[in-house]
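Coming up is one lone chain in structure tokens, specifically the form predicted alone.
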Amino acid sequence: MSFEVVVEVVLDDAGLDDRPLIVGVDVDVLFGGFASSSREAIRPIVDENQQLYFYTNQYEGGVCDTYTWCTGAVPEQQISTTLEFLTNEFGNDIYTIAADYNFGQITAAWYRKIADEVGANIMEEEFIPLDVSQFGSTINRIQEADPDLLVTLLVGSNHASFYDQKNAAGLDVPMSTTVNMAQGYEHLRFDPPALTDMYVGVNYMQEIPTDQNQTFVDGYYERWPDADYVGQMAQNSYFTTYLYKQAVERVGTTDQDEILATLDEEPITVEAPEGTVTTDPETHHVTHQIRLARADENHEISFQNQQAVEPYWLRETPYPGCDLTETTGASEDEEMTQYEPEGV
């Protein structure tokens, strides 16, 4: 069975509206959205029109939506597998700086939740507006607090200036994040030693040292030789297309109702460049191969602690959990919710 890209568009987050694709073009499936703000602009339209939608970026987690499949990594996968190791290695006192919008706020809440579970201490949190590019006062406060670990959940070109400024100020502290390197390849874009001792739980980076990944990377650059980096968005979109392909072949049609039904019936597994990836019908997320990536003083990347991690949290909380295979009788709100960690 072959596939055709009927229409491909790039929409800015400020004016995002996918109604022409759904109503006008009548697409069978939507892929896309980068920032959490774009996903949240898309989802109400998708739900209103009962449109199958794949969001392929890593994000702050919690989306439980009948029509949306989130195939990037989520905090319970990225943080739960890394924070205990980092606090054992460096100490329990953590200082968080995060972008002041839903990604930064909710991901910071996840760090609070996991820190509490592993016996660590969030000393302080700062939420930084997206237009801020000068971090002198923040750096001073971090130096005064003297944390063992600095969590950086910064996004965008303005926030990127933090790393050179911290090094110029002599702030030398191990860092943890969910967002850098794997998608924005900051370890290549920023001059060393800006990201020295940056640790991130990733499902994919170009540098993963397996034959399976090298074949993918070689093929990618053969087709797009001017690409700057093969990041997680490229890999996630690649394997998600094959997940969709398997679903179509299973039912023999691109009818969206049948595709949605078969995606909810039983897991689908593909061999992705990161390794084995499996869908989770209950939550509309996927099990990822998570590795702890570290950038050294030369921004060389090393990996450790690979493990398959399910998107477990949405199944468990809030009671009775997100189970999108059991939506009969559920209210509309229950089928398109974004849950957040409670009590943190």
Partner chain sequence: MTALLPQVLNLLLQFLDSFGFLILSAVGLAIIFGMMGVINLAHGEFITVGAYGTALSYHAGLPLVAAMVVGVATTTVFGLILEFTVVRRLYGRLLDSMVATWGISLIMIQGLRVVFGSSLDSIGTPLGNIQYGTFSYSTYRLLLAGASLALLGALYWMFTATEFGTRARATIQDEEMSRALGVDTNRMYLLTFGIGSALAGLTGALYAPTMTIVPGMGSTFLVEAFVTVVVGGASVLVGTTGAGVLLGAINALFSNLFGTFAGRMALLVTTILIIRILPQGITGLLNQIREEEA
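These figures come from a predicted structure and were not determined experimentally. Positions refer to the first chain, counted from 1.
Although it is not shown, the form predicted together with the partner chain is what the next lines describe.
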| property | result |
| --- | --- |
| Complete contact of Gln143, Asp164 and Arg189 with the partner chain in the predicted complex (any heavy atom, 4.5 Å) | yes |
| Proximity of Pro225 to the partner chain in the predicted complex, heavy atoms at 4.5 Å | no |
| The partner chain contact at Glu271 in the predicted complex, heavy atom, 4.5 Å | no |
| 4.5 Å heavy atom contact, Ile128 to the partner chain in the predicted complex | yes |
| is_contact(Gly170, the partner chain) in the predicted complex, heavy atom dist at most 4.5 Å | yes |
| Among the candidates Pro209, Gly119, Pro267, Gly136, the residue which, in the predicted complex, approaches the partner chain to within 4.5 Å (heavy atoms) | Gly136 |
| Residue among Val251, Met233, Ala160, Ala261 with a heavy atom within 4.5 Å of the partner chain in the predicted complex | Ala160 |
| Region of this chain that lies against the partner chain in the predicted complex, out of 215-223, 175-183, 128-136, 239-247 [heavy atom, 4.5 Å] | 128-136 |
| Heavy atom within 4.5 Å of the partner chain in the predicted complex - qualifying residues of 92-122 | Asp100 |
